[in-house]
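So this first bit is one chain, no partners, the form predicted on its own, shown in structure tokens.
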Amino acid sequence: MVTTILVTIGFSALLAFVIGIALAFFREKFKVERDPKIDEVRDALPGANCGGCGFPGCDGYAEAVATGRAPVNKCTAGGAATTEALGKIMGVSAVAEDKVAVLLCQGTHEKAVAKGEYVGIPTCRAAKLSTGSVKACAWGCQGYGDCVAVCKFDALAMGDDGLPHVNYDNCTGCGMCVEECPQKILTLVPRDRVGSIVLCSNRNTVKANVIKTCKVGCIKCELCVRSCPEKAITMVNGVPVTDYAKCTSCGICVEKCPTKCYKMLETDVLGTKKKVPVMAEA
């Protein structure tokens, strides 16, 4: 009995040794050489693994860049410095995409009408799936912070007003919040963009219904369209859209908007420029 056990153990050890030798031989014989550029690119990345580049983390993006399947300017977390470093490695030149997230909704607790008290799973996605919308406005922010939960840069925080607020000093434009939002009311905007933008996603074309659901909703009056001297505004699926190639930042649309859902990007939203105070006449 003991002899049988010892023979079995010995044979198993010998077999394991032979298999190990064979595996090592075949691994060396058929190994695929790794492009050293992959490691070089990976070392130049910030290691945020945010997924904003569209690849599964920094490792996936590094391999894609090194093999020519991705451009060098997709690392929003690293910004211009990383784009420049990757460009030198790959021998190309590129400009970093400097974008930030903007919430296209102003429906706070006070301004947007709630359907009732929601007692389900406290996530935006669950609220939308189970109720359609916890607010009377079917397009409004659900207010449970799914976008905040996925942000890896502390650029989003839920305010007491029930809306997520963007810290533009921290926002890298990775787009994770945009992808996570079930209402699709977060969008990426170039940080240096100037001009007007509508902070409303309500596509209901009946003015009375919009007024009943939100005090700051776009009521489709089209004053912005008619008053724009550059003809830079058109209605698209019930929401006015600005053509930034034509917009001169005159601000007339913002002044004319009766519900104040039109804002200037450079002063009211992104804060890249200060408002010029209007001087009272003597």
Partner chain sequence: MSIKTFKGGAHPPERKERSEEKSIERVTSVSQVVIPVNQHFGAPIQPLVKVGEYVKAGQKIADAEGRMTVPVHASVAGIVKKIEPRLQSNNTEGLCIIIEPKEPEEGESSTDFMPPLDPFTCSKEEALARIRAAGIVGMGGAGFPAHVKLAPSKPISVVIANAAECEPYLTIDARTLVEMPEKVVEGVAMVMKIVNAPEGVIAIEENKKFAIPHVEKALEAFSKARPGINIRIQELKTKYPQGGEKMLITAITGREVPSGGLPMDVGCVVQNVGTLCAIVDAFKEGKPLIERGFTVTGAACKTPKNLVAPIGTLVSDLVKAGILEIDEENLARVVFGGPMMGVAVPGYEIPVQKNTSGVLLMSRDEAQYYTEETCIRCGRCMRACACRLSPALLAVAVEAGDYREAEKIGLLDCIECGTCSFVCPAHRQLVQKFRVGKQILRALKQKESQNAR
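Positions refer to the first chain, counted from 1. Only a predicted model underlies this, so the values are computations on that prediction, with no experimental measurement involved.
Keep in mind that the form predicted in complex with the partner chain is missing from the display, and what follows is about it.
Exercise. Taking the shortest heavy atom distance, is residue 167 within 4.5 Å of the partner chain in the predicted bound form?
Worked result: Looking in the predicted bound form, residue contacts with the partner chain do not include residue 167, since no heavy atom lies within 4.5 Å.
Exercise. Does residue 101 make contact with the partner chain in the predicted bound form, using a 4.5 Å heavy atom cut-off?
Worked result: Residue 101: no contact with the partner chain in the predicted bound form.
Exercise. Is residue 84 close enough to the partner chain in the predicted bound form to count, meaning some heavy atom within 4.5 Å?
Worked result: Looking in the predicted bound form, residue contacts with the partner chain do not include residue 84, since no heavy atom lies within 4.5 Å.
Problem set entry | Contact of residue 129 with the partner chain in the predicted bound form (heavy atom, 4.5 Å) | Residue 129 belongs to the contact set for the partner chain.
Exercise. Pick from 191, 115, 152, 111: which residue has any heavy atom within 4.5 angstroms of the partner chain in the predicted bound form?
Worked result: After the contact test, the surviving option is 115.
Exercise. Within 4.5 Å of the partner chain in the predicted bound form, heavy atoms considered, which of 199, 90, 163, 136?
Worked result: Selected residue: 136.
Exercise. Are 120, 125 and 209 jointly within 4.5 Å of the partner chain in the predicted bound form, each by at least one heavy atom?
Worked result: All three within 4.5 Å in the predicted bound form.
For this session: Mind telling me which stretch in 155 to 163, 183 to 191, 103 to 111, 199 to 207 gets its heavy atoms within 4.5 Å of the partner chain in the predicted bound form?
Result: It is 199 to 207 that comes within 4.5 Å of the partner.
Problem set entry | Those residues of 156 to 185 which, in the predicted bound form, come within 4.5 Å of the partner chain by heavy atom | Just 179.
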